[in-house]
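What follows is a single chain, given as structure tokens, in the form predicted alone.
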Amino acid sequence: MTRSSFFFFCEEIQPERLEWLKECLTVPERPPSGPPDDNHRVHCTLYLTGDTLFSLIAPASRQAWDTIAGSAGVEIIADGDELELHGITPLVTSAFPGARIAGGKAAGDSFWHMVISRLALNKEGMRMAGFLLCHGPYISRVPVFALRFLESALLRGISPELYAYLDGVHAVHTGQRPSEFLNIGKEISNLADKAVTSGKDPWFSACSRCSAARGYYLQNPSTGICESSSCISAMTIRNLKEILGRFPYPHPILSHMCGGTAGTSPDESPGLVVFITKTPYYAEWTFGGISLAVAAAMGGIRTTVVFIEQGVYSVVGTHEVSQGDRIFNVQEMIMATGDVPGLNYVAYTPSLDKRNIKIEEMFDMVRPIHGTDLAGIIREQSESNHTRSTRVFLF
């Protein structure tokens, strides 16, 4: 018996992340009783594109990748087009002859066609596929990857869905005129038009809070109602609750760094695991990740927040935010939501130990977990020993 899970990575990946990923992938699934055995290993596919590909040839990452690549039931699929773009195809094929290269000069399906085809196999009658876009256009290639994924979905007759969050809402701006890059606003509009022409129902939305912060959602002084401003018609600004209303459906949702587990319980909605990987205040990632997690839990989605890597600093020390900073105190947010039904907070002990720090005593709602615990959170079992479907997003 195998369980189908996946990880999709497109950004730079550090050795610490590979270490906990290795823990997740090399822990065998335990049958209901008895010791683990090789016939019960989890089958997992790793889809790698963008800057993640460089970690395959980085000396500091090589040992971890060797362990991962040698694990039973683990398959690595690399984006051949991106390998050729960066000129590292020979280096990767030499270092990892077992890795499968899709696209580029390799024969067979393109990388993105393979991604959507593989994910569709686990979703009987899949009608839609989504992408949670958290990066703005032109400063990052993530919007390009989002479009490639959704275009491949449409080619398979699957309705595309785009959820713009954090800086991803910059993709809604009208009048984009990049001189050297793919016009993201125009391509989103074209994709929506193609979907409608094909008889599909595209669902493209941007978070209202993130849009208001960036000037795309303004209050009309005459009516007092907020209205979209300078937005392409293909995107609709909605509150986060409405966007998360799409998440209980069983369709695959990718993001820049994400994963998931296909459950064996057909009637159960996917749960959510949000990894907080960055320091609390330098960027919006921590606040955005916790906000999404809290909103999901309040919407009835079982949700776990994992403080890991640099994210463990959210539960260390006592944060004192001055009035002049105008920043939401992350620790106050954690403590205020510790009793939300269906929301669990955990901190990864190896990340704490690596930094020689401990969870602050006031965070009794944050449970410390170890390596094997992390695998169990991602591949959660119900009381009836069914595997629960899970979405994993890294912030």
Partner chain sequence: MEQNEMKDFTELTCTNLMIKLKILLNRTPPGEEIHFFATREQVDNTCTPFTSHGYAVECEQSGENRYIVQIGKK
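Positions refer to the first chain, counted from 1. These numbers were taken from a predicted model, which means no experiment stands behind them.
Absent from the display: the form predicted in complex with the partner chain. The rest refers to it.
The partner is absent here, but in the predicted complex a heavy atom of 294, alone among 92, 128, 294, 116, sits within 4.5 Å of the partner chain. Only one of 222, 179, 318, 322 lies close to the partner chain in the predicted complex, with a heavy atom inside 4.5 Å, and it is 222. Although the partner is absent here, residue 337 lies within 4.5 Å of the partner chain in the predicted complex, judged by heavy atoms. Interface residue remark: residue 144 is not counted as part of the site for the partner chain in the predicted complex, having no heavy atom within 4.5 Å. Contact check for residue 173: no non-hydrogen atom falls within 4.5 Å of the partner chain in the predicted complex. The closest heavy atom approach of residue 353 to the partner chain in the predicted complex falls outside 4.5 Å. Across the options 63-71, 329-337, 49-57, 356-364, residues that bring heavy atoms within 4.5 Å of the partner chain in the predicted complex belong to 329-337.
Within 4.5 Å of the partner chain in the predicted complex, a heavy atom is found for all three of 209, 239 and 298. Taking the partner chain as it sits in the predicted complex, the stretch 63-92 never comes within 4.5 angstroms of it through any non-hydrogen atom.
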